[in-house]
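In the block that follows, a single chain appears as structure tokens, in the form predicted alone.
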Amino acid sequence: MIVVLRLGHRPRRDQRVTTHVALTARALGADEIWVSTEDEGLERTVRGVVERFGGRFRIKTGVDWRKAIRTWKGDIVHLTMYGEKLSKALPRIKSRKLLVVVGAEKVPRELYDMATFNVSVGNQPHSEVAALAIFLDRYTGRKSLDRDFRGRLRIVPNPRGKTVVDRGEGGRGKDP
């Protein structure tokens, strides 16, 4: 089980980026996203994607992040540009239950002490979406991109256009 915890979401400012964090988490192997700030609009958006494109991804907003971390039974990976290099930390991350923490704003210092691993995906400023994508891709052994979500809508790779197949209600219709 992989859960992504989004810390410090500011609905008016971070709506688009937090949506991208959620969609990246879903596409690259996470089972859930928890967001520290309550945001019903974000929940509707993510649930709508899951309904159309499939999968069992869940979203929960308004999560008390300190309590979530204190009660988590598994490894806690905080993605930060100040952490240990991903290539050094990854072989030591062994838990089947993983809580991956990404911040929206400056995270409280105490998070660094609460995390099992503080991991950097590069030591330069960059997007938390990029860090999450790279981390999940490496953690899942680069297999998550090939999953079939069994959704009603399926995007078919096409080098010259957009091909979207509507597989009907059950999501199991025939593809071209």
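So that there is no doubt, residue numbering starts at 1 and follows the sequence shown. This structure is a prediction, so every number in the text was calculated from the model and none was measured.
Unshown form predicted in complex with ligand SAM; subsequent notes refer to it.
Colleague: Would L42 count as touching ligand SAM in the predicted complex under a 4.5 Å heavy atom rule?
Modeller: L42: no, not in contact with ligand SAM in the predicted complex.
Colleague: Taking ligand SAM as it sits in the predicted complex, is V35 near enough to touch it, meaning that at least one heavy atom pair lies within 4.5 angstroms?
Modeller: Contact check for V35: no, nothing within 4.5 Å of ligand SAM in the predicted complex.
Colleague: Using the partner position in the predicted complex, report whether I76 sits within 4.5 Å of ligand SAM, counting heavy atoms only.
Modeller: No.
Colleague: Using heavy atoms and a 4.5 Å limit, would one call V107 a contact residue for ligand SAM in the predicted complex?
Modeller: Yes, V107 is a contact residue.
Colleague: Using heavy atoms only and a 4.5 Å cut-off, determine which of A131, V46, A115, A30 is in contact with ligand SAM in the predicted complex.
Modeller: Contact check passes for A131.
Colleague: I need the one stretch from 65-73, 144-152, 51-59, 116-124 whose residues put non-hydrogen atoms within 4.5 angstroms of ligand SAM in the predicted complex.
Modeller: After filtering at 4.5 Å, what remains is 116-124.
Colleague: Under the 4.5 Å heavy atom criterion, name the residues of 68-93 that approach ligand SAM in the predicted complex, in sequence order.
Modeller: Heavy-atom contacts to ligand SAM in the predicted complex: L79, T80, M81, Y82.
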